[in-house]
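What follows is a single chain, given as structure tokens, in the form predicted alone.
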């Protein structure tokens, strides 16, 4: 059978070299397979014929059957247009063209039955349809029309004649070229057991459905398959790792853990922290490698749980390493761990890109000899010359800053791969977690430690900024500090954003009695670190910044977060920024500043932020509003996220279901050699090759 994955799109009738280049550049369609899986974004019912008398300017696409009684050319120059007066006997409607006037007039005849299709609107009190589809009624069989597909196309494509109708014709040409049934990609027991229609039927129907019922069945089949293979890849990767790698066994809870727990704990652990520590202990005592994700809002106590886990490693004769994304965060974790441990005989050291060569030599020697118990570091730890004596546990802070490849590099630091504990303060919806971190066991810390007060969030219109500045001054007078965050650095007239430079100068005038710092992504790392250090030590009272402070240093004294142009941020990012304050005992505040005129979506976001402090609730809402492609961290995950038809916000139930189906396949055939599942494993290999899924057990 014709291999659609390798056959170039230019060989499809109706394409050729020029159109192929356009399809590649605009839509990434290079092969017949790409076109086959380029699905319509909506469908219009072509079975119903409206009466002209029923029309109004508020309607969606309509279909009419009638005749053109006369033509009229109106306007001059660029505003010149052709108007056809069309009727079905109940009333008249104007059909209007602004381009190709001569072509239209030559093609269409008076007093001939036509089927007209388009979107009605009102102009000067008359109903008109601009640039409608007009077909000879004698040639168009309305009974066979069904639902008409609409494909997303770009302006450049439309100018070259590749509009939605042209795309539909290319897909028809493709099915003609295939001329036989498309081979099945799921095993027969899966399709039979779960009542799925064949792939051939699903692909033909998704492009050209006759009715809504068969369209739903086709969509379900294709969503099932898309999500099934993502989950199959993740679960087989996890299963293969589980079978291949034994884990270090931390059999005992020893002296360091117990002394810290009973003497050094800054406060009683919350119920959620205790639950997660129990889950970690069960993992590290099981003879298998732990790969666990801890999700918890800012301030929920993840670092304390990580330290208890590292003390378990120490008590069992192993070293631990904490990997963090920035130098300043590494320095903060280093200082926090040393402070927490107090006089306990646990040696903690720091390694970053700034660690001097003369300091590295003794550090590397002590690490290799086992003198160092815990190493806190940045990407510098991943270098080959960093060798451990017996690395038993790796803690990764803010996982989305480190891909799967970096995680695997840490495995190579020991003959037996160390346990891996991943921490993130980015709340991740369940569906996204199953897909981004599906190879990890997930723990959630969903309680804040005692004494932490919820942050008060207020939506402020810019016209009332004076009152906001007065409020900030009161906070500063009480000895507190404030962040002011802007979305961009340089002026951008198109977006009409208040930029950081102007904002900084304005704030310097308003708060002339205080010291201000400025921070943005174009600064050198040392400059950024110095600005954060000055703010953390209270040398500056206001830090004016872009979102580079989203994952940043803990400044308990900062009690105000002002987010300018809050409408430019998604919910998860707003929540992350808000989490920079509320780290001390004082009441903290987040002020979301916008203009008065806002879209409906923006108003919803502001309402959610002002009524909820629950990161997971906010992340779920963000996924629904924005979709997975815009969620923080998806691009760094190592998993291709270009979903063709499934939607993680809407298809949670399907995702949960197919995950269990994929689990059944992996459990039944962990070695991928059962004849029953041959088609499944072959399909997964093909998908991995095409999508560049560069990790996982199947290659």
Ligand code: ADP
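Residue numbers count along the first chain shown, from 1. Quick caveat, the model's predicted, so the values are computed rather than measured.
Just so you know, the form predicted together with this ligand exists too; it's not on screen, but the next bit is about it.
The stretch that touches this ligand in the predicted complex, counting heavy atoms within 4.5 Å, is 295 to 303, out of 311 to 319, 372 to 380, 295 to 303, 346 to 354. Contact annotation for residue 413: none of its heavy atoms lies within 4.5 Å of this ligand in the predicted complex. Residue 595 falls outside the set of residues with a heavy atom inside 4.5 Å of this ligand in the predicted complex. Contact between residue 583 and this ligand in the predicted complex is found at the 4.5 Å heavy atom cutoff. Residue 477 falls outside the set of residues with a heavy atom inside 4.5 Å of this ligand in the predicted complex. The contact residue chosen from 96, 134, 269, 507 relative to this ligand in the predicted complex is 269, the criterion being a non-hydrogen atom within 4.5 angstroms. 273 is the sole member of 613, 565, 273, 164 with a non-hydrogen atom lying within 4.5 angstroms of this ligand in the predicted complex.
Using a 4.5 Å cut-off on any heavy atom, none of the residues of 104 to 131 reaches this ligand in the predicted complex.
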